[in-house]
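There is one chain below, alone, in structure tokens, taken in the form predicted on its own.
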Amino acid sequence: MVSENENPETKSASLPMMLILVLTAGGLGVMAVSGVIAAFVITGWLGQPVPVLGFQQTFDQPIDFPHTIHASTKQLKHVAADGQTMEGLGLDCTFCHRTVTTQANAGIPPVGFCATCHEVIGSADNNEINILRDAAGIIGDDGKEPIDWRRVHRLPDHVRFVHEPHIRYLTQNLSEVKGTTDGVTTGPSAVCSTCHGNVAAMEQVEQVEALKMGQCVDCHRDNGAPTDCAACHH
């Protein structure tokens, strides 16, 4: 039954209008979600993805390794976890990354290499260093386990990047070096900032360059390097 004050024609006309409003709102919602997804994908394709959903530009490592202490030459004061005040040691990058000038991979030092210093350097109650000492068999019973460092800079598996020729070219053409460093400014250490940024100033290493194909191709063109597919792809 229809009340005396309700017009049947008005009621029937309001139903399509409500349906239109619902569909419009739903369509706008779908467009908004699609826009966000498209923006995320495009950003990740052309540059670094937005640091959400696990797409961080850095990671927490098994052991805190502040390059500000090991690589910086600025002698900036740093308070360690055990309260000790440390200053930059100014180590050359190749002191730890020993294959960067000779091989494709820059190289990560084994735990035993780190222990040659930290067997005696660092207090006995420094938790971070004790993780290293335990892995190296200096303390504890098991020992000699590798440190599972998390890789910050990673290219797709079908991309071939060899450090050696890039380091060699840049050290011979310092005018092409990008960025600055708080660390050693001679030899290979002076050119790493081109792709890795000012690592010596980082408490925690993070990716600062997009390292996308367009960036690599532009650099190759600017410096007369080959741009054919086989130069970088398997």
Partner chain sequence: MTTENFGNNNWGMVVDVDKCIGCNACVLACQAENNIPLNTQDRVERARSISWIRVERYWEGDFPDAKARFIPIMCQHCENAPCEPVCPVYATYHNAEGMNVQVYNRCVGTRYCANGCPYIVRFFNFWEPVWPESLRNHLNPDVTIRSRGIMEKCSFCVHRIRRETRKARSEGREVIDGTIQTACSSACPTSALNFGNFNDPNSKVSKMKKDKRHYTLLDQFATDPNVIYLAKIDADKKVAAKHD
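In this text the structure is predicted, and so the values were computed from the model without any measurement. Positions refer to the first chain, counted from 1.
One more form of this protein should be noted, the form predicted together with the partner chain, which is absent from this view; the next part is about it.
Using a 4.5 Å heavy atom cutoff, 157, 168 and 224 all lie near the partner chain in the model of the complex.
With the partner removed from view, the residue among 164, 87, 128, 92 that has a non-hydrogen atom within 4.5 Å of the partner chain in the model of the complex turns out to be 164. Residues 224, 225, 226, 227, 228, 229, 230, 231, 233, 234 are the members of 197-234 with a non-hydrogen atom no more than 4.5 angstroms from the partner chain in the model of the complex.
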